[in-house]
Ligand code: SIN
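Read the single chain below, which is given as structure tokens and is the form predicted on its own.
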């Protein structure tokens, strides 16, 4: 089936021909797309203490490409120059659930790979400079026009301007050049250099970024998990034999150390349990899995009554969800770095919860006949994983 978001390509053909291989410009990937907030509302959001934001001043700051991290203040916005600055707000999907629905259009990539939806606001000439990202990104033009130039030139540490908070290239030689209008979208694989500049005032661009953990990050997290789950074991050498030179580290000692370290290896089931926790851990200090937990607990009867009155539920954007099907009888649902085994009649709820973000009462009502469904949904409500719409 073709996907309008991908220029009427099939998802499989996009993944085969473009994903992590080459850029793709898609005109009117989202025709009629409208930004559901004003620049003033976005600035107000950037002043909140639980919002990750940055203000980037290419000019007229303390130094070129000055970065101010949020929470920002009214004073920060009061003295901005007319041009050459940018406001970035991360996880806009967490703060505006209607924008979270936009991410459902990217379900041709596994959810655990998705990082967040970031919005960039800029007046004319606003930019974050020519740079590369280490991950895939879809750039959706929401309002105004932005010029994008890209280059496939290799970029190393020596090609970046030193002593900056941003990784901006010293020199940028564009190879392709486009101006994106509202509804247009540009896909860029990792490490493709790009340079976006606002062409008029009130330019807004939405960036759908994907997670790409490094090998070192995986090892660090896995070792912490393994050490936590296993009892500590000391080095032993009951087969120690006399050696003529005590300063030498012998082959037997190295073999003992190797065996001790290899004892941290896990079987596939343990690796699954670790990885599910890893990919669903909170994004950072600004995300909190309990931020939507209700102050007052409800009985199941009260909950079902409220569920009907509110006409449904939303899944929280403050936490990550993923699941692994262990076998035909058990599926482990991972939420916010925690594991929740589901079996029996409610095993399907892992897939049900992770497949969508908004659950209408009409969808939920027939499922309430399933033993344990309502109770499990109530548990997720009390944990803040699902909530009633405001």
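Everything numeric here is computed off the predicted structure, so don't read it as measured data. Numbering follows the first chain given and starts at 1.
There is another form of this protein, the form predicted together with succinic acid, and it is not shown here; the text below is about that form.
The partner is not drawn, yet in the predicted bound form one stretch among 241-249, 138-146, 275-283, 90-98 has residues with heavy atoms inside 4.5 Å of succinic acid: 138-146.
Put simply, of 202, 76, 133, 306 only one has a heavy atom within 4.5 Å of succinic acid in the predicted bound form, and it is 133.
For the candidate set 128, 155, 185, 102, a heavy atom within 4.5 Å of succinic acid in the predicted bound form is found for exactly one residue, namely 128.
The closest heavy atom approach of residue 292 to succinic acid in the predicted bound form falls outside 4.5 Å. Put simply, residue 315 is far from succinic acid in the predicted bound form: not one heavy atom of it is within 4.5 Å. Remark: residue 168 does not count among the residues lining succinic acid in the predicted bound form, judged by a heavy atom distance of 4.5 Å or less. Under a 4.5 angstroms non-hydrogen atom cutoff, succinic acid in the predicted bound form has residue 118 among its neighbouring residues. The single residue of 173-203 lying near succinic acid in the predicted bound form is 194, the criterion being any heavy atom within 4.5 Å.
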